[in-house]
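Heads up, the chain below is alone and in the form predicted alone; it's given as structure tokens.
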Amino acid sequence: MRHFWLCLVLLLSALPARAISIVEVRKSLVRITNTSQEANYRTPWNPGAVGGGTGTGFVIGGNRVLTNAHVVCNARFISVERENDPKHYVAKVLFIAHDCDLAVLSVDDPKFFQGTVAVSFTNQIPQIESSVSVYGYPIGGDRLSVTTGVVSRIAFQPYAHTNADSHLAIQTNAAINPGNSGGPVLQEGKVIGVAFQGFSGEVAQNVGYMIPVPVVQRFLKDIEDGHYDRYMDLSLTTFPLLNPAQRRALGLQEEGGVLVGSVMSGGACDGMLKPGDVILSIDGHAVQSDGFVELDGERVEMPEVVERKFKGDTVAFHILRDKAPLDVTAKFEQAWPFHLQASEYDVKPRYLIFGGLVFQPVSRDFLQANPTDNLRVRFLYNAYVSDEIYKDHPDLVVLSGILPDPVNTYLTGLRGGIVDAVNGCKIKTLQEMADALAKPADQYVIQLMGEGRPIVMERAAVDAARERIKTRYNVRNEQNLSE
């Protein structure tokens, strides 16, 4: 069985453009230990289990440490160590970007940075077959480890940390193991990437990945104003136009162009592009028939142009609409707002308990903790973006559990159902459900999608059972409505 795994390691930053020696690399590297607490999506009113792990980081300008987000996510306590220094220093997260798996730390004790060296980045993406060295603290020992290999591929790849984001990544056959995450990958004395994940399985061998410099530099640029705005997204789907008959039907006379398949409501291109449009160029870069553009001398996928955009920036398209040329411009007002299908970190599970009935919004993390055979839940989850389910249901609120009590007897068969309405009021979010259940009423009729019989709860019985249920199941708070 093949799978992506995240390695616990770190990377470098600092913008002086000079190569460094192995001695200076050792002065930059940091071993990170994270004591973390994961969210509990099975009993969301309880704190999750305390665990932890180790990774790598390195010193960048401004007395900061750069590493991977997955090294320090869900942190409760972080300590860092330098090579040949036995002292553990307390650190904290300054900025964290889960969508591109990067984070910046600060260290409370200024003595930590005495004698350290900030390693510089290259300004170019490395060439295929060029040699690289990976530095870090992987499993197998506590001392510095160095592995070497070559660059074997440069392409868009899924970033395993969120399971929903894809960015430019560099593949190498240099060994990258758990513990290497966040560590720098160097070429000719300059950082060309940050080690962050590997790929293992019965077929794949020696497949490791690093986050390339353009992604790192974008993250560091984004946080300069003291806030991370996340990656911008076109929020559309496109299809290649390689079929000659299809190209003629669309009125294309020359090579190039991709077909817009869908445009997501709430995204940057909503109202600017339409399904059936043909994108001929983006920001002046000609779009080839397979969806690639030439950027900085490299042939990359079209989204790479947008990868370098920030909130407030614009992107210009030259398109063909109904066989007529047209120029349109879209502005990035915000990042894509719907993250139901992404793994989330550093947040508390949202939930609502009413008469021993536990209601939670569906998410990737929720489904991993609460597998379901409910076909309606699975369909709506999978089609959440493609079918724009989010327009009518920003939250898919489900009856996730029942804390047995006389007030909720005979309702077990309804577990896993999606809430449609409360007392005739349609429910789109968990907050709306909380508001509906807070309104004075003698009884509350909760209708689930596709169920003929509703849940009926009497207010007096719910109030009488409240303290009894809280005491029996050790429930401190009956709801958490915000992340």
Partner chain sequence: MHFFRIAAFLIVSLNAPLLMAREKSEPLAVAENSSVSPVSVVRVNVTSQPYDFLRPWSKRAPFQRRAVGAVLPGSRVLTTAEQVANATCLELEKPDSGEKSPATVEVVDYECDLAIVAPCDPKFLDGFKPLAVVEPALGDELAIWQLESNGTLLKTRAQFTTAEVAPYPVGDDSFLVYRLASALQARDSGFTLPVVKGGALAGMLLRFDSRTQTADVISTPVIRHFLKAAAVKGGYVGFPSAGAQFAALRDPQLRHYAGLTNGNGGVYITRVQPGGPADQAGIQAGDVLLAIGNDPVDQDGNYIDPHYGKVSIAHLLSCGSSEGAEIRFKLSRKGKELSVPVKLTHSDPSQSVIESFSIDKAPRYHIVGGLVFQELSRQFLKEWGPEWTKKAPERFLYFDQYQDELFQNDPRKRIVILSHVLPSPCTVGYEDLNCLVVTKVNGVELKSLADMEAALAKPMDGFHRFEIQGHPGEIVLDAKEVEGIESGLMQNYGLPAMKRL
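Remember, predicted model here, so these are calculated numbers, not experimental data. Numbering follows the first chain given and starts at 1.
Note that the form predicted together with its partner chain isn't included here; everything after this is about it.
Q.
If contact means a heavy atom within 4.5 Å, which one of 384-392, 113-121, 74-82, 154-162 is the stretch that engages its partner chain in the model of the complex?
A. Looking at the partner contacts, the answer comes out as 384-392.
Q: Verify the flagged residues Asp373, Val445 and Glu451 against its partner chain in the model of the complex: is each one within 4.5 Å by a non-hydrogen atom?
A: Each of the three qualifies.
(Q) Under a 4.5 angstroms heavy atom criterion, identify the one residue in Thr329, Asn243, Gln127, Gln253 near its partner chain in the model of the complex. (A) Exactly one residue meets the criterion: Asn243.
Q. Pick from Cys269, Val107, Ile96, Leu411: which has a non-hydrogen atom within 4.5 Å of its partner chain in the model of the complex?
A. Contact check passes for Leu411.
Q: May I ask you to state whether Thr237 is within 4.5 Å of its partner chain in the model of the complex, using heavy atom distances?
A: Yes, Thr237 is a contact residue.
Q) Counting only non-hydrogen atoms and a 4.5 angstroms cut-off, does Ala324 reach its partner chain in the model of the complex? A) No, Ala324 sits far enough from its partner chain in the model of the complex that none of its heavy atoms falls within 4.5 Å.
Q) For Arg248, is any heavy atom within 4.5 Å of its partner chain in the model of the complex, or not? A) Looking in the model of the complex, residue contacts with its partner chain include Arg248, since a heavy atom lies within 4.5 Å.
Q. Taking 4.5 angstroms as the cut-off for heavy atoms, does Lys348 touch its partner chain in the model of the complex?
A. Looking in the model of the complex, residue contacts with its partner chain do not include Lys348, since no heavy atom lies within 4.5 Å.
**Q.** Partner contacts in the model of the complex for 452-478 (non-hydrogen atom within 4.5 angstroms of its partner chain)
**A.** Residues within 4.5 Å: Gly452, Arg453, Pro454, Val456, Met457, Glu458, Ala461.
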